[in-house]
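First, one chain by itself: the form predicted on its own, in structure tokens.
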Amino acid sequence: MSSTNNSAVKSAAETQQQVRNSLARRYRAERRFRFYGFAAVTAGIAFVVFLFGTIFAQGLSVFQQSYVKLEVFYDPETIDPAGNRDPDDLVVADYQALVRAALREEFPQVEGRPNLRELYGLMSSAASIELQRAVTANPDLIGQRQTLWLLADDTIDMVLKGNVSRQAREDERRLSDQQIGWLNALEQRGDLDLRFNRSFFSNGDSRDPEQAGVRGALIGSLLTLLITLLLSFPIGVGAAVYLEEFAPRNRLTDVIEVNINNLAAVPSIVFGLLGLAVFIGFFGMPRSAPLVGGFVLTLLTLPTIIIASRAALKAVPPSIREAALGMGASRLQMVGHHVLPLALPGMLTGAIIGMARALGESAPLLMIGMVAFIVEVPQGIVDPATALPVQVFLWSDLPERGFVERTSGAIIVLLLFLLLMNATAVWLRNKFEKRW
């Protein structure tokens, strides 16, 4: 009897020890799992911080641009030798000569064609365009003097922002030692400064970095998204309402639902190829136009909007439908007067998320020609245009150092646009969402 009790006690002790060992292993495994999860989250946050830190470090400087203060004399002999103030003559006058004359007055000791060519290289060609606009808007300026801040060349801008060292050897930078001396003299006089870069938001694309802006791409994106929203939202909501509320449950609707879910995972470039073949190749629509871009992005966003809209409809309690039908409402009245208003916040949120995805797409737009070099800001949906993601792609491929900051600056504008759209989606959901 005693040996039996001893065996039972020993067995219980061994069992307890096994349990303790098992618990210890479980706790160690849990700690390892928590450590791995924490490490993964930390690594993800670190990568995101590094990515955005790099973008902002390279792109924030784009919001400032180098300007030179010059006293410009609007010489009548250069602008309007006939003296008749003909607008056609004023437009084609040699305003570059006025900029060069102002530079020679600033540095009267500079002589010789090679030296003067280097001196003139301090200014951007946009300076003469600004003078042209000023004179055509106000011909009374002819014969007067005016002190203006005019756009400097991008090589000056890179030096002033510290992206190019002044102490580097002459053969390692685009500016000569003589130009560096003129730059230092202008700084000492207070005639060279970094000012707000208004041209980045008012200009279209350009081959000169200091003149390139995002206005054309921004307007093109807005027009494209407007077409996309006007087409995809009503079509997507209508399809979702039919499939969820009216369509019979049979094999055909099952096939349609499966294909809608599959379309949400199709690579975006496939929609670009479809748009190229159908809208441009078959229907003959203009290439590189927001109208075609809107059609292509509509195909891209429709599955997302349909899926989100169906989820919003499913979230409406069945009691709402039963109460409406019980009060004598028809099925159409039940959906239109009761279910749809309650599901609309979720539908709007899904639509805005779909629009945000469309805003960031570049592959479909590349296929339909929106990668073209567009200088003029589009005025309508059939004018040649580009979009912000495509503009980023174009600038990233250019060799000039000035386009590096413009690429990052355009990414910042795109991110702010996306942030605004997602904030709008959150606001709509919180404002109109009903809780049961």
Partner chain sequence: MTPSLLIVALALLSFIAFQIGKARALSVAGGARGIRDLHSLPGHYGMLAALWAGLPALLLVILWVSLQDRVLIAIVTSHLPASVMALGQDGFTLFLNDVRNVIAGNIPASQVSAEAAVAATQYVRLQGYSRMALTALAFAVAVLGLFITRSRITPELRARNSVERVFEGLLFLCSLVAVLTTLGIVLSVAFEATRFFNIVPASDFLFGTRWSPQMAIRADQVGSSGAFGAIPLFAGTLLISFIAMIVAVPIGLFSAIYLAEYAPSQVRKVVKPLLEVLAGVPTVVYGFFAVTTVGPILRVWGESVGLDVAGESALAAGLVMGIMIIPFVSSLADDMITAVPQSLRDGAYALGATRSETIKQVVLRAALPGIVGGVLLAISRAIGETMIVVMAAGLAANLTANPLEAVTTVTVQIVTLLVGDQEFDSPKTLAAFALGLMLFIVTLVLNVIALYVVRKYREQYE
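The term rigid core refers to the maximal set of C-alpha atoms that superpose within 1.5 Å between the two forms. Numbering follows the first chain given and starts at 1. Not measured: the values here are computed from a predicted model.
Missing here is the form predicted in complex with the partner chain; even so, the following discussion is about that form.
Asks: What stretch, of 275 to 283, 144 to 152, 69 to 77, 314 to 322, brings heavy atoms to within 4.5 Å of the partner chain in the predicted complex?
Replies: Among the listed stretches, the partner-contacting one is 275 to 283.
Asks: Would all three of 43, 48 and 362 be in contact with the partner chain in the predicted complex, where contact means some heavy atom lies within 4.5 Å?
Replies: Looking in the predicted complex, the three residues 43, 48 and 362 all sit within 4.5 Å of the partner chain (heavy atoms).
Asks: Identify which of 90, 270, 97, 119 has a heavy atom within 4.5 Å of the partner chain in the predicted complex; exactly one of them does.
Replies: For this set of options, the contacting one is 270.
Asks: Considering 101, 134, 194, 256, which brings a non-hydrogen atom within 4.5 Å of the partner chain in the predicted complex?
Replies: Answer to the contact question: 256.
Asks: May I ask you to check whether residue 332 falls inside a 4.5 Å heavy atom distance of the partner chain in the predicted complex?
Replies: Yes, residue 332 sits close enough to the partner chain in the predicted complex that at least one of its heavy atoms falls within 4.5 Å.
Asks: Should residue 58 be counted as a contact of the partner chain in the predicted complex, where contact means heavy atoms within 4.5 Å?
Replies: Residue 58: contacts the partner chain in the predicted complex.
Asks: Would residue 82 count as touching the partner chain in the predicted complex under a 4.5 Å heavy atom rule?
Replies: Result no; residue 82 lies far from the partner chain in the predicted complex.
Asks: How about residue 411: is it within 4.5 Å of the partner chain in the predicted complex, going by heavy atoms?
Replies: Although the partner chain is absent here, residue 411 would touch it in the predicted complex, with heavy atoms inside 4.5 Å.
Asks: Are there residues in 390 to 411 with a heavy atom within 4.5 Å of the partner chain in the predicted complex, and which are they, in order?
Replies: 392, 393, 396, 404, 407, 408, 411 sit within 4.5 Å of the partner.
Asks: Is residue 30 among the residues whose Cα moves by 2 Å or more between this form and the one not shown after superposition of the rigid core?
Replies: Superposed on the core, residue 30 moves its C-alpha 2 Å or more between this form and the one not shown.
Asks: Rigid core superposed, CA of residue 19 - does it shift 2 Å or more between this form and the one not shown?
Replies: Yes, the C-alpha moves 2 Å or more.
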